[in-house]
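Presented as structure tokens, the chain that follows is alone, the form predicted on its own.
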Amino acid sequence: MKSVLQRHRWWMLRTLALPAHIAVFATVSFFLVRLVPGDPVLTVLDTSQSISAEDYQAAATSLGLDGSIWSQFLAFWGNLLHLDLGVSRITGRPIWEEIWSRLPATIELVTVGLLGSVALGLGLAALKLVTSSPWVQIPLRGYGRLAGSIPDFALAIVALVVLYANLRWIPAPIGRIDPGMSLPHVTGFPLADSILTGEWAVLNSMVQHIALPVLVIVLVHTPSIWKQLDLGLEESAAAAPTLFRVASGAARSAVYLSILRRASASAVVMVGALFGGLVGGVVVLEQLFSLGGLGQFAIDSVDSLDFLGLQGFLVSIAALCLVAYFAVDVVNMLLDPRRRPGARAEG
């Protein structure tokens, strides 16, 4: 029994720690929202006339902001344990409904963009493995140095000016589909739903509208993935397992796959970090291209000082990111068992 627990300790401990990490971030989110300047209660009152203490208290109660900050904190956790984030003051709908109606579209955009980045990174890795020409190797190293140096909003603006305003090669950035069309709803993921329902005209329109934001994500974030993958390739190519396979006469494709598998661990971590950052940070792209998504809800909550909506957004993003990091951590240790706790000591 002890040996079974010891073998699986590397993922069991992380699974048990996940709820604790989410609880910490939820607590931090609650107090961070209270640091936003302004009084949300006054935004629902007519400040052109005198406001009585009773009116102020009634408005605060309706917003869930009555009582001390500690009583609000206890109420926040009591509701959160029942998966209740309150009601959005902007739309009057439960915040869970607002978030889950918008989140799939944002996740889909980020996922498609990152899949494109991974595909491009793997293509660059294959190119690096099959050729030693300096005319190829030098540009590849230079591309990795671009990691983090290109703002996505700047590239998006330039692309809009050139490709839409001047050349008219792309449709107007006015949403996910052309005016007059409607998105089908099955799973909440727009691309997937248009395929499931056979709405090919809607799918074609959507692909045209999101092609540029996806391309921006790919061009901006591939260097970060490629930089980690490139470093891993150089280390894995010179490692003892690779030299043994070469000496034993293994097929070149088998050697390349072995190198790539061991080199991909750090790149997987980078993909997970990018996913978490993009889900909460793709707001600017969604705004520039009028894609809606979860970012629009966050901006509306900030503009209207909707504390419940903003803390609901932060809690949801924190939980999603932590789950993504957990999944990446597990995949990383599956790809490279040496990264598991105690693996080096046992070896």
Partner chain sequence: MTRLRLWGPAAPFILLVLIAAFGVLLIPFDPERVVAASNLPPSADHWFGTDSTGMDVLSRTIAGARINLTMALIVTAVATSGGMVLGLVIGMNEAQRGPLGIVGRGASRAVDLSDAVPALIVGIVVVGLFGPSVASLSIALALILMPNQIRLTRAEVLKVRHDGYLNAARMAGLSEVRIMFRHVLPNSCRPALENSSLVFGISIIVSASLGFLGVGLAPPIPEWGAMVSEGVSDVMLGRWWTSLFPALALCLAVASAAAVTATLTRLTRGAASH
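Since the structure is predicted, the reported quantities are computational estimates derived from the model, not experimental observations. Only the largest set of C-alpha atoms that superpose within 1.5 Å between the two forms is called the rigid core. Positions refer to the first chain, counted from 1.
Below: the form predicted together with the partner chain, not depicted.
By the 4.5 Å heavy atom rule, the three marked residues A119, I195 and V268 all fail to count as contacting the partner chain in the predicted complex.
The contact with the partner chain in the predicted complex, taken as any heavy atom within 4.5 Å, belongs to I317 out of I317, A60, L291, A26.
Scanning G123, P184, P94, P173 against the partner chain in the predicted complex with a 4.5 Å heavy atom cut-off leaves one residue, P173. Proximity to the partner chain in the predicted complex, taken as heavy atoms within 4.5 Å, picks out 155-163 from the listed stretches 123-131, 233-241, 73-81, 155-163. Taking the partner from elsewhere, L65 is found to have every heavy atom lying beyond 4.5 Å of the partner chain in the predicted complex. None of the heavy atoms of V44 is located within 4.5 Å of the partner chain in the predicted complex. Contact check for S149: a heavy atom falls within 4.5 Å of the partner chain in the predicted complex.
Using a 4.5 Å cutoff between non-hydrogen atoms, P139 does not count as a contact of the partner chain in the predicted complex.
Taking the partner chain as it sits in the predicted complex, the stretch 309-330 comes within 4.5 angstroms of it through a non-hydrogen atom at L310, F313, L314, I317, A318, C321, L322, Y325.
Taking 2 Å as the criterion, P179 does not count as shifted between the shown form and the other one: its C-alpha moves by less than this amount when the rigid core is aligned. Residue displacement note: G142 has its CA displaced by at least 2 Å between the shown form and the other one (rigid core superposed).
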